[in-house]
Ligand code: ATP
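Below, in structure tokens: the form predicted on its own, a single chain.
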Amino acid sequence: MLNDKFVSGYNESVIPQYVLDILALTERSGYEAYVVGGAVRDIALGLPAHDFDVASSAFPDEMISVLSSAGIRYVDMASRHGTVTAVMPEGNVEITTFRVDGTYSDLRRPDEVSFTRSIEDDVRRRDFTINAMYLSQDGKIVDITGGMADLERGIIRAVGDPEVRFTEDALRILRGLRFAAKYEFEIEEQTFAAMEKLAPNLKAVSGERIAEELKGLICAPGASDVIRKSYRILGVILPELIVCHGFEQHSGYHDRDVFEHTLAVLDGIPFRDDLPEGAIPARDAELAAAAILHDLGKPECFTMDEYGIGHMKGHPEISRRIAVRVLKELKCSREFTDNVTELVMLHDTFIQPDRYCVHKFLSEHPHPLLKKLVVLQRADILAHSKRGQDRLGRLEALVKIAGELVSEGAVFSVKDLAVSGADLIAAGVPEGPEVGHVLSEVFDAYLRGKAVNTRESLLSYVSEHILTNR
């Protein structure tokens, strides 16, 4: 539902005053100026708006003159983008001249741009109708592509010929999928057909750009529906997704194929609770990525026994290798890659629900990662058949023991023991590598409950059980 205030008239509260000041200044100087892009779209939907970019009929040198005359500092980026950035105390405002893009030889950015006074020319270069609306400081809405109607109907539709739009910039294909997932919109038929046809062009787009769009897609509320419909498109980036589609598991523990199980796990990842009020829900990106990647290795290791039962032993390791390859190709950060691949590797690991095993496991992995692992495992279990959900009780038992350890003040690292290497040397342990070996033995004794974490107890254990046997 569209924002009623936006539809019926201008809602001044949604555009910051410093942005309104730039619009007013530009218009007083004899030029057109509008807030453009995502801010207008989100205002129309009644959502918090950010990044208030401006488009103007003023050419860059004219815009510089306008700002200079008003004593406003600026950054000139006109040589590459046709953009002049007004540096305001409250924040920067990017002002881009109406333009016409040239050819896109790299399928990402125009080789050259030319400036125009025509807002219609500027509109025609935009990607989707919902991003091609213009809002002036006095409430004038310019919408020559039907963006408002598409917002009302919940439609993602390319501006003009979709094949031309996606040939110009292949990344727009993923942007369209991300918008559909974020707003839970449908993609217009011809637009989607062009996406599928031109999806191979995504191979020419940089990994960083693809990763940014994919993260936005998989974290969004409508992610599973969009992925279900567009798996052939996404298969250009992640071919294992196509293999998993329709791949039956032939197991009483599963009532879905690998693809549908994967989407069910993604649906089971909760939305973050630290987002601004009114913002569209979004999942944690590491958890969402782990959900998508966690079972992609199943087809590769699938075997069927004489009774027609499917087995996929070793699939976490194969899935981890796939995840490493994919995340490196997308040039994700080292931290993101390490965390996601560790979640993938551990997703099917369920240790014995006893105090020692849980304490040892907690000592071997970072606590923030283990918190996410519990979320992933719970989503994974609930995406199994009823028979496969039996492990939920075991997971809850593990979580209970972990919570007890934390509440009791347990330590999870050798460095947090109440004794140090110097203490051990003073107690008679020879200097050198032996100190580290003894510390490890002491820590294991602590994990097993053979000593408590006090200096007296740990040194007593060293004296009675280690030094006497050396």
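The numbering used is simple: start at 1 and walk along the sequence shown. The structure displayed is predicted, hence computed values, not measured ones.
The same protein also exists as the form predicted in complex with adenosine-5'-triphosphate (ATP); that form is not shown, yet it is the one meant from here on.
In the model of the complex, adenosine-5'-triphosphate (ATP) lies farther than 4.5 Å from every heavy atom of Gly46.
The shortest heavy atom separation between His315 and adenosine-5'-triphosphate (ATP) in the model of the complex exceeds 4.5 Å. In the model of the complex, Arg378 stays away from adenosine-5'-triphosphate (ATP), with no heavy atom inside 4.5 Å. Proximity of Asp143 to adenosine-5'-triphosphate (ATP) in the model of the complex falls outside the 4.5 Å heavy atom cutoff. Heavy atoms within 4.5 Å of adenosine-5'-triphosphate (ATP) in the model of the complex are found in one stretch of 263-271, 174-182, 395-403, 302-310, which is 174-182. When adenosine-5'-triphosphate (ATP) is considered in the model of the complex, only one residue from Glu27, Asp53, Glu62, Asp423 comes within 4.5 Å through any heavy atom, namely Asp53. The listed set Asp284, Asp225, Glu163, Asp169 contains one residue whose heavy atoms approach adenosine-5'-triphosphate (ATP) in the model of the complex to within 4.5 Å, identified as Asp169. Looking at 115-133, the residues that come within 4.5 Å of adenosine-5'-triphosphate (ATP) in the model of the complex, counting any heavy atom, are Arg125, Arg126, Asp127, Asn131.
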